[in-house]
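The same protein chain appears twice below, in two forms, each given on its own as C-alpha cells and labelled structure 1 and structure 2.
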Structure 1
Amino acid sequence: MSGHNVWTHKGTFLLAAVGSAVGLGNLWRFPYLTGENGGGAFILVYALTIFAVGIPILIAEIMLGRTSRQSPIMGMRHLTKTHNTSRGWETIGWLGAASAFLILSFYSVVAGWSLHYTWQMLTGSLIGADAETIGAGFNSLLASPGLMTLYHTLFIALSALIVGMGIHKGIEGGLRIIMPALFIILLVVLGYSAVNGDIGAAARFLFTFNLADLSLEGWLQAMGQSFFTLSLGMGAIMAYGAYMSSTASLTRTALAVAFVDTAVALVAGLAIFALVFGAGLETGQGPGLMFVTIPLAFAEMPFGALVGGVFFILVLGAALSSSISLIEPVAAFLVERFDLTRPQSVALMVIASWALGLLTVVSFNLWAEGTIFHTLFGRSAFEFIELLTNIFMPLGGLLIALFAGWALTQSEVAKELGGHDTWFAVWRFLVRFIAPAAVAFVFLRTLPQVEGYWIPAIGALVIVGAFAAGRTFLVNNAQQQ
C-alpha cells in the first residue's frame, strides 16, 4: 500500500489522536469523577490503568492501522488474510465503524448545543440572568426539536466539510488550526478563572489525595475512563494510524497522546471548577454542568459574556476535533470498498448519521416517553443508541488487544515498537492478559444495564471472540513449530 496517504508531518498523528480523544467528556466528566472519587487517589488509579490498559490498546490499534494502511474494515480483512486467521476478526473493523457511526449521530446533537450557547454568550443574552432563567432556557432548547435539529445540522455539516476536503487539506489542515487554538483558549479561560474564580477550592477538589473517598465503583470508573477517554475501539485511532509515518515512534506517540489528553482534562477541570466554586454553585454531573452551571457562573462575573463566548468556542472546537475522527473510519471504507470520491463517501456517511441523530433530537421532547424504545428497552432512543456504543467499544477494544497480542508475529511487533526488548515483553504481556481482562471487566459492568434477552446475544459474541483468539493462538503455534 505504498500509494496510501501519509500525514505530511509526523506530529500530525499526535494532533489527530489528541483531537479524537479530547472531547466533551474531558471538559466535565473526567474532572467531576476525579473530584468525587478521592481527587489525587483517583488520578493515581487512572494513571495506572492508562499505563496498563489504555496505552497498550492504543498502541495495538495504531499498529493495526499502520500495518494494514487501510480503513478499519478493509484493514482487518487484509490482516486476517495475511496472518491466516479466522475472518471473525473482521468484526473489529465493523464494530469500530458501527461505534463511530452511532456516536456521531448523538454526539452531533449534544455538540450542537455549544453553538447555541456560544451565540447566547457573545450577544450578552445571559448576563445577569439567574439560575431559574438559565435553567428554563436550557429546558426550552431541549423542548424545541426544530432548534435542536438546526444546530445538529450545522455542526455535522461543518464536520463533514472538513473531512470532505481530504486527508491533507481537510483533516490535517483543520486540526493544525483547531488544536493549537483549543490549547490557547483553554489557558486563557484558566487565567480568567484564576483571577475571577476560586482556583484554590478547585485545586483541593481535584488534587486532595483522599483514599477513603475512592470506592470500588470509583476504581471501576477510573478503569472505564482510561479506556473511553482515548477513543479506543471506535475505528478512529486505527483509521488515523493508517496515515501515520512508518518512522514515527508508536510508544512515544501513545504516551504523548495519553499525557496531553489527561492534562487537558485536568486543566479544564481547574478552570471550570474555579468558576463554579467562585460563584458558589454546585458541581453537578452531566450536561447540566456545561450548559446550566457554567453559563450561570459567567453571568455573574466581569467580562463574562466575552470569556463565556470564548469558552463555548473551546467546547465547540473540542467537539469538532472528535466528530472529525468519527466520520473518517466509515468514509475511508466507502472510498476503498466502493470506489466513491471522498466528498461522496463523507456525504453518504454524514447524511445517514444525521438522520439517525433525529432520534436523539426527539428523545428530549416529542419521544421523551411512551415510545417503542421505552416499551422494549426501558429507555429512550438516545439512551439505547448510547448503550449500544458502550457495548461495541469495549468489545472492539477487547478484540483489538487479543488480535494484536496473539495474531501479529513477534518480528512485526518488534519492528513497530522499535526493537526495545524489555518494552516489547512488557507491552506483549499487558496487551495479551492485563488489558483484555480489564476491558472485559468494564464490558461486563455494562451488561446489567441491558435487558435480559440481550445478554445471550452478547455472550455469544464474546464466545465467538474467545474461539477466534484460541484458533489464532493454535495456528500461530503450529506455524512457529
Structure 2
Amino acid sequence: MSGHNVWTHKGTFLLAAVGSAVGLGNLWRFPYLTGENGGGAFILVYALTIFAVGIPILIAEIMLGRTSRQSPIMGMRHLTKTHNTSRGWETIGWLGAASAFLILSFYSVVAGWSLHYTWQMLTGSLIGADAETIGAGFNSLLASPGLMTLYHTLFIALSALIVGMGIHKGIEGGLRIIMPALFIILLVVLGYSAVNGDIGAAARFLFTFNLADLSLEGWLQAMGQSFFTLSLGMGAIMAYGAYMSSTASLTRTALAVAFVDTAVALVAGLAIFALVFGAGLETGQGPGLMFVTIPLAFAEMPFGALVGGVFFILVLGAALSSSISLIEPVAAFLVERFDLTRPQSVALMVIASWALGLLTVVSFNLWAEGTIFHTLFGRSAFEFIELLTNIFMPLGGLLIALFAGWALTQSEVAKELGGHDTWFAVWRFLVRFIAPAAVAFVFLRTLPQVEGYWIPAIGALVIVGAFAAGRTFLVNNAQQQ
C-alpha cells in the first residue's frame, strides 16, 4: 500500500510542500490581488492571516497526514475509527479530493496560458509590440478554444507523467530539478527588474500600509489567498504529510513552508511591480496583470524576449510543482481503495479533471455568456467551479482545525510536535479557537445574502462555542488525556 511509503530524505517533505505552495497563487494571483486592493494594506492582512490561521492549519493538516500515513480519504476514515469520532469527519478527505479535482481543472488551463507566453516570448514575437497589440493577443488566445485546449492538455499530461512515475522517481525526482531552477530564475528576474524597472516604487507600493485602502472584499480575498497559497484544505498537504519522515520537525517544517511561500510571493511582487512601474503601466489590471502588463513591460526592455521567456518558464515550473500535488491525494486514494496501479489511478483522475477543464476553456469563448450556467447560477462555468473551491477550501480548513484541535489526543499531538510545551499550547489555542472562528467568520461573510458583520461574527462564535462545549458528541471523551 502506498501509504507506507516515506520520502527518500528527511527534508523531502519540505521540498514537496514548498513545491505545492509556491505556484500560480504566488506569481499570478498574489500580485494582481495586491494590485487591485491597494498594495500594503492587503499584504498586512494577508501576513496576519498566514500567521494566525494559515500556519496552525498547515501544522494540523500535516499532522493528520503523518499520523494516518494514508491518502486523505482513507486516512480520515482510519482516524475516525481510531479516535472513535463520527464517521462524518471523513468529509475532510472527500472535500479535499473534490477541491483538488476541481482546482486542477482550471489551474491547468491558466498554467496553459503561460505555456503560450513562454513560446511567444522566446520566439520574440511580442518584442516592440504596443499595449493594444498585446491586449488583443491575450484576447485572441482566450477566444480560441482549440489553442487553449491544446495548452491545457499539454500541461496536465506533463503533470500526470510526473505523478504517474511514483512519489520517488516522479515527484521527488521532478521537484529536485524544478525547485532549485525556480529559485535561481526568480533571483535573476528580480535582479533584472531591479536594474531595468523601478524597484523603489514597487517597494513603496507593497510596503506602505494604509488600512483605509482595504475594502471588506479585499480583506476576504486576503484570507482566501492565504489558504490558496499554502495549499490548505485540499488534501495536497495531507497526502504529502503521509510520506513525511517521523523524525522531521513538524513545526519547523511548517514555519519554513510558510516563510518560503510568503517570501516568494513578496519577491515576485517586487519584481513584477518594478517592471510595471518602470514601464509606466497600471497595477490594477486584475488577472491580465501577468499576461498583458508583464509581456508589455518586457516588450520594451533590453533582452526582453529572453528574460520574459525565462520568466514564463518560472511560472510554468511553479504551476507544475503545484499541480502534481493536486493529483497525488486523489491518485493515492484510488490506489489504496481500488487496488489500481498508480498509472491507472493517475490517468483516471487526470482525464476526468481534464474533461472538466474544458468547461473552463469554453467559459472564455463559446460559453462566455447566455448559457444554462449563466441562467442557473448567474456566472460562467469557470466562475462557478472557482466559487465551489472557494467554499470547499475554507470548509475543509475549518474541519481540519477542529478535528486536529479537539479529536486528536494530547499525547498524540505532543508527540507530533516533538514535546515542545510552548508550541503545543500556542498551536492548540490557535487551532481550537482562533482559526475556526476566523474561517467561520469569513465563510459566513462570503455568503451573498449576508451584508453586515454581526451575523457572521455571532455565527462564528456559535460554531466554535458549540465545538468547545459539545466535544463529547463528537469525540469519545474517554479517549482524551
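We call the rigid core whatever largest set of C-alpha positions still superposes within 1.5 Å between the two forms. Not measured: the values here are computed from a predicted model. All residue numbers here refer to structure 1's sequence, counted from 1.
Where's the form predicted together with 4-fluoro-L-phenylalanine (PFF), in 1 or in 2?
-> Form predicted together with 4-fluoro-L-phenylalanine (PFF): structure 2.
Verify the C-alpha shift of L48 between structures 1 and 2: is it 2 Å or more after superposing the core?
-> After core superposition, the displacement of the L48 C-alpha between structures 1 and 2 reaches the 2 Å mark, so yes.
Rigid core superposition, W219 Cα moves 2 angstroms or more between structures 1 and 2 | Indeed, W219 is displaced by 2 Å or more.
G39 C-alpha shift between structures 1 and 2 of 2 Å or more, rigid core reference = It does shift by 2 Å or more.
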